[in-house]
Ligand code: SIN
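Just one chain follows, in the form predicted on its own, and it is written as structure tokens.
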């Protein structure tokens, strides 16, 4: 596709691009069509110097699909579509500090995630992204054959392995603002089984689909699965698959959870306030 309404600046050789020349508060259909194509091409896109009111951010998100509501965390009172993520100086836990793909524990995981920066630290607090197309494509053919029909078992809480074993209330013990957002999931499904290799419904490309929510390979004994899960987790976040984004006030990132993992870096001790919206997805295949 020829981009005529937007300018694109790739941030690495493997994924990610900054989109320039766009005011997201005044977006026409032709410009959105180019943004959507750039998103599919680069998997995660970034915008600088945006001035968005909550309803304007919500309107932009709805262009990609229906809003997904987090089963564990409450959104803003006036705009429940938006989850406000706040970290204060001294908080011990950082939201999203392990490599993952959003809502993988849901039978229909989030299609996309949009994060908009209101307050950022003077240094640190970057977010890393990893290209899961490349994670799959660089595997050997015999390994691809082994993984082809495997499925993963994923959870949203009660982790048996990896970071996050403690429950959410304990995780946010030093952050009362985030702890107050926690809600009981009720009858919302927070466990799921998904293909380890998924096909992107829009691009048709295959990607590795794994992250911190993955606890086991479906039908396997835990000790049988752990070695392979550990290998794939490490492989999927190799440095050559990644890019890194430095936040500024007014920055907005939009990533494709169907082919990208991400990680929030916890290398700061200042206030950070972000507005997150997730877009509903469908069942992986």
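What you are looking at is a predicted structure, and each value in this text was computed from that prediction instead of being measured. Positions refer to the first chain, counted from 1.
Omitted here: the form predicted in complex with this ligand. The next part is about that form.
- At a distance threshold of 4.5 angstroms between non-hydrogen atoms, residue 106 is out of contact with this ligand in the model of the complex.
- In the model of the complex, none of the heavy atoms of residue 24 sits within 4.5 Å of a heavy atom of this ligand.
- Contact check for residue 152: no non-hydrogen atom falls within 4.5 Å of this ligand in the model of the complex.
- Among residues of the shown chain, residue 96 is one whose heavy atoms approach this ligand to within 4.5 Å in the model of the complex.
- Only one segment in the set 51-59, 37-45, 224-232, 256-264 has any non-hydrogen atom within 4.5 angstroms of this ligand in the model of the complex, and it is 256-264.
- Among 175, 192, 212, 127, the residue placing a heavy atom within 4.5 Å of this ligand in the model of the complex is 127.
- Shown without its partner, this chain lists 181, 198, 111, 100 as candidates; in the model of the complex, only 100 has a non-hydrogen atom within 4.5 angstroms of this ligand.
- Contact annotation for 265-285: residues with any non-hydrogen atom within 4.5 angstroms of this ligand in the model of the complex are 272, 276, listed in sequence order.
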